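Starting off, we have a lone chain in the form predicted on its own, written out as structure tokens.
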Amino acid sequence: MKVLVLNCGSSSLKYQMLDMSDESVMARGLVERIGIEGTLLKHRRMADNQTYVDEIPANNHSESIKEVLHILTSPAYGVLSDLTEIDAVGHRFVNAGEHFSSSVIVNNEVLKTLETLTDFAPLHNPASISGIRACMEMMPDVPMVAVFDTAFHQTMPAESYIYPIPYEYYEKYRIRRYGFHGTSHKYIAKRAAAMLKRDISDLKLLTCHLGNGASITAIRNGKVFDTSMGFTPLAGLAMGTRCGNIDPSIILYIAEKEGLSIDEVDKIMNTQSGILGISGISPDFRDVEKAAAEGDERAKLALQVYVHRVKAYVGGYIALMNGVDAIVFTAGVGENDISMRSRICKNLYNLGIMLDEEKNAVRRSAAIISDEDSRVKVLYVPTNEELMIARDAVTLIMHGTDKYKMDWKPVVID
């Protein structure tokens, strides 16, 4: 079975073509600057590392997908003889609100529901809907599967997701904590359980997705108990360019003092804050750590704030779950920044967390990096959201029939 995975950003399109017989990646690529002059398609065929980079005509995501399907079937750079080899297409969605608690095959009813959810992710959800419509048009007999970043977090209890604001705003607008990076958290939690040779339903886990966007999730007995991101991905940890949790009055205060609109301040909080805002250097941790090593005080402070916020969530979630069996690091910083993993775990031995610095000096290969005497296991697991999306697509299709029609009743999986 072959599955195409599409991740539509506001002005980009990432894709992978996977052969699920062995879960191998056949090809992967990126279309960037969609709708902007100089749209580029970057494609790589994995078997022989053959690459293709060229400017393409793509004013929208629909046109971009047509170009991707063309390159996937190209005799020179493709991996498919024709589009009939594609058995399913998995689409990443950022936010499904409370409507979907698991992945789902898309039919007309589902598509109509998705179109009502654009307010929850105005930059990403419309692009994903456009992607689904384009694929339906070009591959009408191929099932489309929607996989939601928020779905894994739908098991949170009400005390974790309800905000202490007038309850009517939850009733009217469904303002609550949703959490994000759910596909990543789900993948690494299952991978960690397998590495520990334990049933995930018997584990308490903290999964730390630490990248330019970052979130920590508390998982108890296989279900999300709490997560750091909130109604939007702006909440929680200090991130590359996002401020994370702050006093809400700061937004109004800055707007008044600087003569800015709420939208302008919101943009500052999302794109000019976090590690970039404190350091004044970069949202890239490599740049900030280099500057800190050279004595830049603001760079040092930015890293200290980041570590402080992560530790606060780790300690808080351990208290809420009454213990933890393992902490798992993933994503750009979590996977590649050896020193950051060390800083976060330092002086946590009272919580039973002891890192083995020699084991910690790894990248790319999943590993248990805690000391043998550590009561809490510490793991490093590279995430693979595309594989998780493809797995969900395969599971849904295996639960279906031999014909895939777009007016089917939706099928969902846990």
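No experiment lies behind these values; they were computed from the predicted model shown. Position 1 is the first residue in the sequence shown; the rest follow in order.
Another form, the form predicted in complex with adenosine-5'-diphosphate, is not on view; read the next lines as being about it.
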**Complete:** As a check of understanding, the residue in Val324, Val333, Val104, Val89 with any heavy atom within 4.5 Å of adenosine-5'-diphosphate in the predicted complex should be identified as Val333
**Message:** Between Pro283, Pro126, Gly222, Pro233, only one gets a heavy atom within 4.5 angstroms of adenosine-5'-diphosphate in the predicted complex; which residue is that?
**Reply:** Pro283
**Proximity of Thr73 to adenosine-5'-diphosphate in the predicted complex, heavy atoms at 4.5 Å** = no
**Message:** Check Gly213 for me: does it contact adenosine-5'-diphosphate in the predicted complex (non-hydrogen atoms, 4.5 angstroms)?
**Reply:** yes
**Prompt:** Looking in the predicted complex, any heavy atom of Asp337 within 4.5 Å of adenosine-5'-diphosphate?
**Reply:** yes
**Complete:** Per contact check vs adenosine-5'-diphosphate in the predicted complex (non-hydrogen atom within 4.5 angstroms), the hit among 166-174, 78-86, 205-213, 95-103 is 205-213
